[in-house]
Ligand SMILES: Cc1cc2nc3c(=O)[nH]c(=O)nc-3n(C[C@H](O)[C@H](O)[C@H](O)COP(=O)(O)O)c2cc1C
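Only one chain is included here, represented as structure tokens and corresponding to the form predicted alone.
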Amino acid sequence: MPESPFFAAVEARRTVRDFLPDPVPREVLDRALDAARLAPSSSNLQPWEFVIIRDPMVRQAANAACLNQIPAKTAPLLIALITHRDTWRRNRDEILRTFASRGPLRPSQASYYKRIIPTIYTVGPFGVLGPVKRVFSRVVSLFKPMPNLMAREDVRIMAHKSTALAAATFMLAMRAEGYDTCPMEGFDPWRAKALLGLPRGAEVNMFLAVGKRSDKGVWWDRVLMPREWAVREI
């Protein structure tokens, strides 16, 4: 049986630390970005933004914010992947608008996005409702299953988890197109946020260096932890 293209891309994807100068074609980038938009996210709220850095001066400053790592300096394309904690209302409204354009809004859709989502995501001024909701959730959980109604930090974690799923989808899509990536978490978050002009509820999740690997791009052989450390059945 021929190897599945998906598993071939998964196997071939590596964290590449040195790139050729060859540019990434716009159509390849667009396909990978559209694939990333299909990634799963909590309640489909899609709290991410891909910022493609084209301006040479911004790129130079972004390289510096990435501590002048080799992937940042050598990649023909650098993308900042942004997590937005506070876009849930806007995105919720767009979901409802889209549902309504397809036909009558189902009661379950209206209930979930108009009542449940605000209950979970609203944390109040300065986050004051968050601790109250978290304690309430924990007390109820002692008697029956109860989701975390989320304080501000919980919303932040949720947004970063969803954004990381979009990043993983993008990286696999680029590998399927024959291009490589390097996700970089080592950067100055304060300088990066100021450079990109991010609002208060937004953070840089990671930078992604994108291009074709050079013959020095993969530094080490792949090492996987034992399967029994990663998989458990109960």
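These numbers come from a predicted model, not from an experiment. One rule holds for the numbers: they count along the sequence shown, beginning at 1.
The same protein also has a form predicted together with the named molecule, omitted here; what follows describes it.
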Exactly one listed stretch (183 to 191, 44 to 52, 23 to 31, 196 to 204) reaches within 4.5 angstroms of the named molecule in the predicted bound form by non-hydrogen atoms, and it is 183 to 191
Original post:
If you check in the predicted bound form, is Thr169 within 4.5 Å of the named molecule, heavy atoms only?
Top reply: no
Subject >> the named molecule contact in the predicted bound form: Thr15, any heavy atom under 4.5 Å >> reply: yes
Residues in 219 to 234 that come within 4.5 Å of the named molecule in the predicted bound form by at least one heavy atom, in order, are Arg222
